[in-house]
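The chain below stands alone and is given in structure tokens; this is the form predicted alone.
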Amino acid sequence: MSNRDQILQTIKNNQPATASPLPDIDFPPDVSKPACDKFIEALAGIGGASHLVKDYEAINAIIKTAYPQAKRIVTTCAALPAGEHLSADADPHALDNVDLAVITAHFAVAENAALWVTEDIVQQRALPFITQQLAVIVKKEDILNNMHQAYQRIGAEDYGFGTFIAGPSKTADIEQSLVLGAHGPKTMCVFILSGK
């Protein structure tokens, strides 16, 4: 018997008689401040920006003024008039020169400014990571308090690809100096649709 097999056999022979109960992780959400306000603060803390907007026309106006240098704007949001609309059958290799990508998110998480996106709404999973700048649209009522609520909402949802995105790409590996745009988008802006 090899050393590996001996170790595995020892572990198998020394299992506890009964399983320990899982810890209670049903923490009540922090409601001392509205989830939207907490999300905006958390996003600013990780290098992102946010805009409270009432409709897609307001988003379009901000894009025109905030990104005048963007030559190629790609969007997966059918309601947004600005930009080239991306389809699911688009070649991901053709996204290498995207200056600004505008996508939607299923929901956001206030405690860490994460946004949940799946392949069905980003069309091409490379898009939010290959673009120079990223803008995400989320409805105000879809901002959850914490990750516990996020995982409850995802539940047993069936998706081929899903990810949480929080802020622009960043690293602090070199001399613990924060660098934004290290491995992906240099900036990230979140448009919060309030409808008011």
Partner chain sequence: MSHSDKDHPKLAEQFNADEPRVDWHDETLWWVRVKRDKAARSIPEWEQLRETASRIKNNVLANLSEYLIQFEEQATRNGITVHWAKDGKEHNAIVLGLLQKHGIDRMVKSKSMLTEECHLNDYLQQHGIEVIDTDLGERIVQMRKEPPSHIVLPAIHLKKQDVSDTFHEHLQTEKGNNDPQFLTQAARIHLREKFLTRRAALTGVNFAVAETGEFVVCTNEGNADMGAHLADIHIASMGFEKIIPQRRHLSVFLRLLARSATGQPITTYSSHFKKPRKGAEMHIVLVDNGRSTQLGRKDFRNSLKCIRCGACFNTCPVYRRSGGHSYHTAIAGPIGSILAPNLDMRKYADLPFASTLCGSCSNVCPVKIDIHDQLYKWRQVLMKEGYGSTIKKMGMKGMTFTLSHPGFYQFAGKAGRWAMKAAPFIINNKLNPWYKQRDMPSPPKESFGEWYKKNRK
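We call the rigid core the largest set of C-alpha positions that still match within 1.5 Å between the two forms. A quick note: this is a predicted structure, and the numbers were derived from the prediction, not measured. Positions refer to the first chain, counted from 1.
What comes next is about the form predicted together with the partner chain, which does not appear here.
Participant: Pick from 24 to 32, 135 to 143, 47 to 55, 64 to 72: which stretch has a heavy atom within 4.5 Å of the partner chain in the predicted bound form?
Facilitator: Single hit among the candidates: 24 to 32.
Participant: If you check in the predicted bound form, is D120 within 4.5 Å of the partner chain, heavy atoms only?
Facilitator: Judged by the heavy-atom cut-off of 4.5 Å, D120 is well away from the partner chain in the predicted bound form.
Participant: Counting only non-hydrogen atoms and a 4.5 angstroms cut-off, does E84 reach the partner chain in the predicted bound form?
Facilitator: No, E84 stays farther than 4.5 Å from the partner chain in the predicted bound form.
Participant: So in the predicted bound form, is the partner chain close enough to D37 to count as touching (4.5 Å, heavy atoms)?
Facilitator: Flag for D37 set to no.
Participant: Please check if N60 has a heavy atom lying within 4.5 Å of any heavy atom of the partner chain in the predicted bound form.
Facilitator: Result no; N60 lies far from the partner chain in the predicted bound form.
Participant: Let me know which residues along 1 to 26 have a heavy atom within 4.5 Å of the partner chain in the predicted bound form, or say none if there are none.
Facilitator: The stretch 1 to 26, when checked against the partner chain in the predicted bound form, contributes N3, R4, Q6, I7, L8, T10, I11, K12, N14, Q15, P16, T18, S20, P21, L22, P23, D24, I25, D26 at the 4.5 Å heavy-atom cut-off.
Participant: D24: after superposing the rigid core, is there a C-alpha shift of 2 Å or more between this form and the one not shown?
Facilitator: For D24, whose C-alpha is compared between this form and the one not shown after core superposition, the shift is 2 Å or more.
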